[in-house]
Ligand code: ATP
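In structure tokens, one chain follows: the form predicted on its own.
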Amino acid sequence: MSRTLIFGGTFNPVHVGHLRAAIEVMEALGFAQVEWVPSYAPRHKSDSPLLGFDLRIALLRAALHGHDCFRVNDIERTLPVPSVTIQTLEAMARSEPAADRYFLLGDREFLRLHQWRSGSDVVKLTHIAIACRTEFDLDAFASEVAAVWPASRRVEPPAGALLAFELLPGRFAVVVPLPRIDVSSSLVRRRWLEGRSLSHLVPQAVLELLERHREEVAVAWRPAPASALQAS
């Protein structure tokens, strides 16, 4: 049974930080495949400047071209909106019930997982891979995990991981270090709107696709007028 890393997000747009994070975690934990799952209609970003789903899918496929171990899964296109992680994982479990999945989260998001809609049930469907910065305080994080997941226990981490926890019987969370790459989708969008270069922030194929869809991108990413923000 192959082990798959699930990388979910809006990817608005995908950038080099996303790619590097996937590679680092895949290599550290020995995954055979990374499954990229873009969010169709994220509830928590309903007011954010979001590119259309089809364009975000196209940008992802352009960025991942040539990486045979990466694949894009557009499953959220067929699911009810707003998009919710638990229903996406349930749908994936129905389609491939025997798959051994790990869901990728940042360390702060992992500590908020129990606050998500049915977040505590997410770990019934998948293990968790937690990406952290190299200057991470392991003992402090372990204490936070114990507070948020009181039934969990610290276990011996696998090779390539810094920490590991058994959250539920047979369900694990493992902490993997990442090199610090201070690139975010919001930074990319800001640079784009300022007319500045995106060279080496996004793959060249992504940049070329953004240029070809310049009008659509400009409309999607243009900030809302101050009067509209005040009215809302």
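A quick note: this is a predicted structure, and the numbers were derived from the prediction, not measured. The numbering used is simple: start at 1 and walk along the sequence shown.
This next part talks about the form predicted in complex with the named molecule, which is not shown.
Undergrad: Since only the chain is shown here, I'm wondering whether E109 would be in contact with the named molecule in the model of the complex (any heavy atom pair within 4.5 Å).
TA: Output for E109 is yes: heavy atoms within 4.5 Å of the named molecule.
Undergrad: Can any non-hydrogen atom of L209 be found within 4.5 angstroms of the named molecule in the model of the complex?
TA: Taking the distances in the model of the complex, the answer for L209 is no, it never comes within 4.5 Å of the named molecule.
Undergrad: Just to confirm, I181 within 4.5 Å of the named molecule in the model of the complex by heavy atoms?
TA: Yes, I181 is a contact residue.
Undergrad: With heavy atoms only and a cut-off of 4.5 Å, decide whether R61 touches the named molecule in the model of the complex.
TA: No, R61 stays farther than 4.5 Å from the named molecule in the model of the complex.
Undergrad: Work out which of the listed stretches, 194 to 202, 173 to 181, 160 to 168, 63 to 71, brings a heavy atom within 4.5 angstroms of the named molecule in the model of the complex.
TA: Stretch 173 to 181 is the one.
Undergrad: Are there residues in 13 to 41 with a heavy atom within 4.5 Å of the named molecule in the model of the complex, and which are they, in order?
TA: In sequence order, H15, G17, H18, A21 come within 4.5 Å of the partner.
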